[in-house]
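This document opens with one chain alone, in structure tokens, the form predicted alone.
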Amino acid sequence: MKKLLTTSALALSLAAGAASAEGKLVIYHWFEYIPQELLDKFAAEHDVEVVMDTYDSNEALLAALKAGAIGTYDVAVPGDYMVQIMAGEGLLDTIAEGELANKGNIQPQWADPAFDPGRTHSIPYQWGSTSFMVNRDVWQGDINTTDILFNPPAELSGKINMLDSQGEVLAMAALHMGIPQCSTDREQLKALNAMLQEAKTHWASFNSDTAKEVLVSGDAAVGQIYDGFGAKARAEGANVEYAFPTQGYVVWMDNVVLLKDAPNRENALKFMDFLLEPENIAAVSNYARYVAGVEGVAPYLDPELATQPESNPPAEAGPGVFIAVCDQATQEVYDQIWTNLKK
């Protein structure tokens, strides 16, 4: 049996030259999102060495691949809109009909998504929402409004952590302002930029990889966060509540994609088939506290997942919206707004 390794980016780059060896799988994955035991199980069942590196945003994943990491990794786990972008950039391989024995296990609602018609490049992984949590020891008022992030009360000003993720921040900002995500209206874009610059004066940090920890420690009284991370923060004892703003919130589906020039393509497909087995993908849900897109997982799930408040929006919640993919010219404007925001 070969040993499973989890590496830093530096260690992975040093090992990249050996990535084409037989019996290996190289994964590019979100941080704190898959249980080690499940990777160990795959390694043992298929007698492969698993190497994993991590990123903290869809944009960081895309930047790394475009900077030369294609040919290093076999699979990655982008969000819905990023699958569409990566396919358009020519960064994904095509999964031929019949290459995945368990493709029929995909739930019907996720079998033919707009971001990957026919699932030619990906399989569903987990889905959930992005909103924010509020420390109820600090603020007892209404939290179901995006004003908490963008026009907060004095008690919360300077105590807000935002995700270091362009997609989530700008989508939530568009909901707050009631404008399209890919607006081309110059006045709307100027107003969006001005609103964000003012909101930034109330924020303490941009951080994704410690989004949960700053809430648990009390370093942040408000934190933009993914619902599963939010459930973990609450479970760790923080007196925090997940918001479902009346203006709306972000929904997402993460997906396992087959990368172009995967050095271990056969093992990549085996791993994707492995994750389409209900017992295996349920292990991810139980660990990460999100929802799987595969049939037959219910017998393997922690019963508390069905009732956790972070996964059950109230009737008065606004709409859940996916992050939109803009045309290139419009995206360049949003990229500049984000760059200005991060200065």
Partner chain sequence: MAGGAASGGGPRADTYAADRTWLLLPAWVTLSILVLAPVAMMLVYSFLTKEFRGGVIWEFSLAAYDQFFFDRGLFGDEPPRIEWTYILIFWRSIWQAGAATLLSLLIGLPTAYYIATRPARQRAVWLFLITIPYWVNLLIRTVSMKFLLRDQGPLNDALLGLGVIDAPLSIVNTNLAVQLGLFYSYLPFMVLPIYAAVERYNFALSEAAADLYATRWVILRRILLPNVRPGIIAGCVLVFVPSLGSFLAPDLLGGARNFMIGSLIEEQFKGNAGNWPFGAAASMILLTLVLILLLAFARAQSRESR
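Numbering follows the first chain given and starts at 1. These numbers come from a predicted model, not from an experiment.
The form predicted in complex with its partner chain exists for this protein as well; it is not shown, and the discussion that follows is about that form.
Participant: Only one of Leu189, Val138, Ala111, Met177 comes within 4.5 Å of its partner chain in the model of the complex by heavy atoms, so just point that one out.
Facilitator: Contact residue from the list: Leu189.
Participant: Just to confirm the contact call: exactly one of 64-72, 273-281, 287-295, 45-53 touches its partner chain in the model of the complex at a 4.5 Å heavy atom cutoff, so which is it?
Facilitator: Selected range: 64-72.
Participant: For Ala60, is any heavy atom within 4.5 Å of its partner chain in the model of the complex, or not?
Facilitator: Result yes; Ala60 sits at the interface with its partner chain in the model of the complex.
Participant: Hey, in the model of the complex, is Met195 touching its partner chain, heavy atoms inside 4.5 Å?
Facilitator: No, Met195 sits far enough from its partner chain in the model of the complex that none of its heavy atoms falls within 4.5 Å.
Participant: Using a 4.5 angstroms cut-off on non-hydrogen atoms, would Thr130 count as touching its partner chain in the model of the complex?
Facilitator: No, Thr130 sits far enough from its partner chain in the model of the complex that none of its heavy atoms falls within 4.5 Å.
Participant: Contact with its partner chain in the model of the complex for Val321, defined as at least one heavy atom pair within 4.5 Å: yes or no?
Facilitator: Contact with its partner chain, no.
Participant: Heavy atom within 4.5 Å of its partner chain in the model of the complex: which residues of 183-206 qualify?
Facilitator: Heavy-atom contacts to its partner chain in the model of the complex: Arg186, Leu189, Lys190, Asn193, Lys200, Thr201, Trp203, Ala204, Ser205, Phe206.
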